[in-house]
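Okay, so here's just one chain, in structure tokens, the form predicted on its own.
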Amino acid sequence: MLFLYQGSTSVCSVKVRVVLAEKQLEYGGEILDLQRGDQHRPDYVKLNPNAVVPTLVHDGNVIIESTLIIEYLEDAFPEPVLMPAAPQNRWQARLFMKKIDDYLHSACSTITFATANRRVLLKRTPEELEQHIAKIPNPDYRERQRLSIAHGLAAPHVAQAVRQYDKYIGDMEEALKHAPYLAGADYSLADAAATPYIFRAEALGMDGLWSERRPNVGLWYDRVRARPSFKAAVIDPISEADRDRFNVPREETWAKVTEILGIS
């Protein structure tokens, strides 16, 4: 039996849901309210000491870290195959996933907290907000989120986050000049892993990073959105509260992006 602890809009949770949908795997689960702080519940922290989502439980085995979870699913449920056969293409798929873990996820979190999450968190009292931030176990991550909430897109680390997003999408464009998917001719774990980050960029108003500059990323995104897994894993779990949270002034985000990158 598969059981997934997840967040409805958590990019890491979406990544895993996409792979589950691609493999047509049935699973149970619990959606944690991350704004409420469900990820810090003692029973959940026993499963995932990092107090983040997702966590997969498969026949009693607890699997954490989203990239490792989707690789686990590929090993445990090899059909349909979501990794290329050729070693060079397998390396490329893993490289795109590694770049997400190395810097894109942090960049995504920074910009999300400076925009969508900030709108919600600033409605709390200073005491409630401090209690929420204090629960974040990683001190560096905790301080970044504190700055994002306090200063929004003017936070000092937002510029680096925007440049990192731009770099990743630029790398996608280069790969997609030669093949329809990130690791070659066929859809792979790399495409599943990148999907929620591109969707999040679009939601926050950064789709100009490809719509105006990288046509091959736009074509890739069209192909990804046409897959049944996109609706099932990305769109359907979004709640009305989620839609309200991401109802951000997109033009403000894009104005800041263009300022940071020096583009018009």
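Numbers follow the displayed sequence, beginning with 1. Values in this document were obtained by computation on a predicted structure and should not be read as measured data.
Omitted from view is the form predicted in complex with a small molecule, to which the following refers.
Heavy atoms within 4.5 Å of the small molecule in the model of the complex map, among the stretches 61-69, 204-212, 224-232, 23-31, onto 61-69 alone. Using a 4.5 angstroms threshold between heavy atoms, residue 216 stays clear of the small molecule in the model of the complex. In the model of the complex, residue 51 approaches the small molecule with a heavy atom inside 4.5 Å. Although the partner is absent here, residue 41 lies well away from the small molecule in the model of the complex, with no heavy atom inside 4.5 Å. Within 4.5 Å of any heavy atom of the small molecule in the model of the complex lies no heavy atom of residue 248. Taking the partner from elsewhere, no residue among 115, 148 and 254 has a non-hydrogen atom within 4.5 angstroms of the small molecule in the model of the complex.
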